[in-house]
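One chain follows as C-alpha cells, the form predicted on its own.
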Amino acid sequence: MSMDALARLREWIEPILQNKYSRVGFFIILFIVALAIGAPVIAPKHYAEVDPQNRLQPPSLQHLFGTDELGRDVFSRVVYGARIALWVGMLVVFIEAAIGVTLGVLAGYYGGKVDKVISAVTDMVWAFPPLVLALGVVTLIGPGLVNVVTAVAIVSWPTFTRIVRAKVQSLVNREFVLAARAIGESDLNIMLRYLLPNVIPTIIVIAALSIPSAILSTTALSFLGFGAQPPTPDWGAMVSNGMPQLPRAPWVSSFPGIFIVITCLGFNLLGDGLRDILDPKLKV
C-alpha cells in the first residue's frame, strides 16, 4: 500500500476512533469481519460436518457453543455465518443505494413531473412495512438467499431516495451548479461531477445505518424458511432450527441470536458516529 493510500486511510479512521460511538462500533465490526475472513482457520470443524453421537452437547472446551440437533458444531456454524450476514447486509444496501440514490438525484435535479412521479412511487413503497412487502415479494419469486436479498433490496430503497432528493434540492440552485450550466455542462455531467460528490457523506451515513435493517430483514426471512437453505449456516435459519430444542438446548438458538444483536449494534453505533462526523444535521 502506497504512502498516499495510507494517509487517506488514516484521515478516515482517525475521526472514527475519536468519536465514542463510532469507535465502539468500528471495533465490533472489525471483530465480526475478522471472524468472517478467518472462518476456515478459527472454526474447529466444517459448518456442515455432522456428528450424531454428539448431538445437543452443551458448551464445552471441545464445542465452545455446544452442538445442534445433528451434532454440528454451533461455534463453527456461527463463525461461518458471519460471512453470510456481512455479505447479505452489504449487498442489500448496495442495491438499495443504487436504486435510491439514482432516483433521488433525478427527482431533486429535475423537479417538476419527474419529481412527482418518483415521489409518488417512493410514497407507495414507503406506505408498506418493508418486511411485510419483502415477504410478499419472496413468496412470489421463491425461497433462497439471492431471492431474499433481491426482495429486501427492492422494497427498502425509499430512505435513500427521500434523503438524497432533499440534499440535491438544496444544492441544485447553488452557484457552482448554475456556473456549470452556464458553461454548457450536460445534465448527466452536472449530476455526476457536481451533485453526487456532495451527497456522498450522506450516502455513507445512510448505508451504515441501513445495514442493520438489511441484516435483520434477511435474517427474519431466513427464520421463516425463505432464506438460505440447509446446510448453509445462516444465523436466522440457525435460530429457527434451534427453537424446538430451546427448553433442552438453548445454546443452539442463543449464540446465533447474540451475534445478530452484536453485529447490528456495531453497525448502528458506527452509523451514529459517522453521522456525527460527516453530517451532524442528518436525522434518519
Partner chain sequence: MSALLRYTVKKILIGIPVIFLVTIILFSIMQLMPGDPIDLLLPPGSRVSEEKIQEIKRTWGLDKPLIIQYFYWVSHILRGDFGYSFVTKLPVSNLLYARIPYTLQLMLTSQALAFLIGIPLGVAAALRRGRFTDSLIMVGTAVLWSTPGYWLGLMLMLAFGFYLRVLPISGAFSPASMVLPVATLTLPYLGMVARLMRTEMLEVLGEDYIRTAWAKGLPSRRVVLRHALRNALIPVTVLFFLNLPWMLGGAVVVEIIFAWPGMGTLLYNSIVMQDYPVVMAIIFIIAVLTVICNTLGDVVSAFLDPRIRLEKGEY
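Being a predicted model, the structure only gives us computed values, none of them experimental. Numbering follows the first chain given and starts at 1.
The discussion below concerns the form predicted together with the partner chain, not included here.
- Heavy atoms within 4.5 Å of the partner chain in the predicted bound form belong, among the stretches 66-74, 48-56, 246-254, 31-39, to residues of 246-254.
- Taken together, Y21, A220 and I258 are fully in contact with the partner chain in the predicted bound form: each brings a heavy atom within 4.5 Å.
- Shown alone here, F128 lies within 4.5 Å of the partner chain in the predicted bound form, counting heavy atoms only.
- Residue contact with the partner chain in the predicted bound form: L135 places a heavy atom within 4.5 Å of it.
- Contact annotation: M124 falls within 4.5 Å of the partner chain in the predicted bound form, judged by heavy atom distances.
- Using a 4.5 angstroms threshold between heavy atoms, L140 counts as touching the partner chain in the predicted bound form.
- Screening T102, N198, S119, N147 for any heavy atom within 4.5 Å of the partner chain in the predicted bound form leaves a single hit, S119.
- Residues I260, V261, C264, L265, N268, L269, D272 are the members of 259-274 with a non-hydrogen atom no more than 4.5 angstroms from the partner chain in the predicted bound form.
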